[in-house]
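For this one, two forms of the same chain are given in structure tokens, first as structure 1 and then as structure 2.
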Structure 1
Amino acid sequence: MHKRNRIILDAGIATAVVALMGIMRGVYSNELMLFNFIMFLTLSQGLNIIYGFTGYLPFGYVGFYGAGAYGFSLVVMHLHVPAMVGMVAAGAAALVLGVILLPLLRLSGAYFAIASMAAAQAVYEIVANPDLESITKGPYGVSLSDVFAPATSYYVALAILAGTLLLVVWLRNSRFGMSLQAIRDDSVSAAMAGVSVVRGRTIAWLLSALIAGLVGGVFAWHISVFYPDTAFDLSVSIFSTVFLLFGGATTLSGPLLGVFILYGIYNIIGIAVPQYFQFTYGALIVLLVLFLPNGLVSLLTNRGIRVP
């Protein structure tokens, strides 16, 4: 397939997904569920940028999401600024955390994953600390009824999804994205081929952090009342990881499929007893690692078929 056609196909898929989620809001009444879909579609692609293109898997990905949610809440609560300014703060908070955690990229695979999880826990412990109640409301949670705007925040979330999908399309088809994959596969040769390993990883890491921060911010905006336990819930990391791995990292359609299939099933049956799904997800992770470590799309890619 020509490169031009590949880009058109990728962009077409991205547009279709965004349009679908936009139309669904008019058709289907459970807005919160649709909103959650948008969140996980975005988060799993955000994780795709760091894991799929560089091989680093942050178990503590939720840390950026939580940082975004609190970045949004703090400026809205204390400075009484409009929600869109809060969104900027959400992105900034996640970026700052991303910069602080840049040294973690020196660690290899498993150590990086665990250190990032510890970092997310540490941020949670700080935010939820009763000593900081006057600033963060500690463990008692925040309420942002002043800026509550479910419709606007829904479309902002959709815009973030659109931006993220375009970013992934660009990464998959640009020199920069190719060089990132080269780093992932063999950082030594990539460095010798003149690819700046550190710069590439840093950019991917910060983009990934920014996306999670924006999603966290729009989550805070849309939901408007939440607790630190929700904003730093490790299941956010787990779900995004499972969706990504299930579908297949590095592709555009893999994580999308992962979310639509798994989160779809979760919503059809799972809400009442979440533990059944926790169990199923756990089992799915085990089976995926053992039998399909490259995800659903590898059924095709192993046969030499290119998957968008």
Structure 2
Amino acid sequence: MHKRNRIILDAGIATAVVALMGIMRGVYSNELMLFNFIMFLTLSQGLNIIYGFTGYLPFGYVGFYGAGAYGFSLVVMHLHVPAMVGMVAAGAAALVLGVILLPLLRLSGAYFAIASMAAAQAVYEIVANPDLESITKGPYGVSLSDVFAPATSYYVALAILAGTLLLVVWLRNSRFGMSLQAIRDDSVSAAMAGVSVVRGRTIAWLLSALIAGLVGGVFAWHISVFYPDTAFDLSVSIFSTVFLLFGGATTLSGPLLGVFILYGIYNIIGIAVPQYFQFTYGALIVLLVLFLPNGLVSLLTNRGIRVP
């Protein structure tokens, strides 16, 4: 019963967040800002799967996001398929890239983080190559006006967020999720206990890549016109990582809190009074690292309170 109550609480939080973002579109005029909230809510949870559950922090997470954006764009531009088929291509492109980069999982710590960032930069250099203009449009930007449908793509993004949150709920309450955390804490001991370390890391890596690819695809659909610098903007990785760490990894609510608080501050201060944004943001992060290295949720977990 105790486990069942945990699942119900986690699922309730996930449902409330998705419902909130769905309702907000009808009452708030800045749809792009709301879409960005959904995007970062999803990406931070995608990072949560690979970092929170296995301990791998990919600074180049934006590579999967960019691969998804271009996977979507290429099939829509050249094959003239419907946008939903393009979304399948977005997920497939990220998965293919994830499979290609599987050897990176042999690394750890800073080596893995830097190698993943280098891989993302390599993908960027390929799609931005002027010699590939006839295929990727090179550095000159992609235009997808034929499938531009902000309302539809918004709700597709919301569905991806819902699926991602439910996946994290499952990982937090399943034996597989527990095995991933065992791998994160001590991979040698986990292997001796019968946990398939390679299998667990591979699945977590590919799930995380798939989520980022789908977000990249729906981003391309929603924006319709973008450049390689936008699709492979390192700030996407940085923001997603900061949101995750600020709220607290491994939990469901931690990344949600990180996005709502920090991205909310960004939209209030960073746009209205940008001269104070960097100071405020930097001060918050420094205070967090010094006093709450495990994120905001540690205020409760340190007191023995289980955080959803």
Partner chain sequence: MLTGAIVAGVVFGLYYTLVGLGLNLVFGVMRIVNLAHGDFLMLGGISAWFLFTSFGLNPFVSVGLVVVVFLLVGLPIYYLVVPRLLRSRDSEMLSLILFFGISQMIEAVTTIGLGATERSLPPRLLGVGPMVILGTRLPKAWIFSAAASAIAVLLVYLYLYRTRLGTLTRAVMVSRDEALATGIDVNFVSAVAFGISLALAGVAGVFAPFILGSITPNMGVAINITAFAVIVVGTLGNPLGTLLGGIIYGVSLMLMQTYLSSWANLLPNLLLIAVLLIRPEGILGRKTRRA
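Residue numbering: sequential along structure 1, first residue numbered 1. Rigid core: the largest C-alpha set superposing within 1.5 Å between the two forms. The structure presented is a predicted model; accordingly, all values stated were derived computationally and were not measured.
- Structure 1, rather than structure 2, originates from the form predicted in complex with its partner chain.
- Residue 9: CA moves less than 2 Å between the two structures after rigid-core fitting.
- Once you line up the core between the two structures, the Cα of residue 288 ends up 2 Å or more from where it was.
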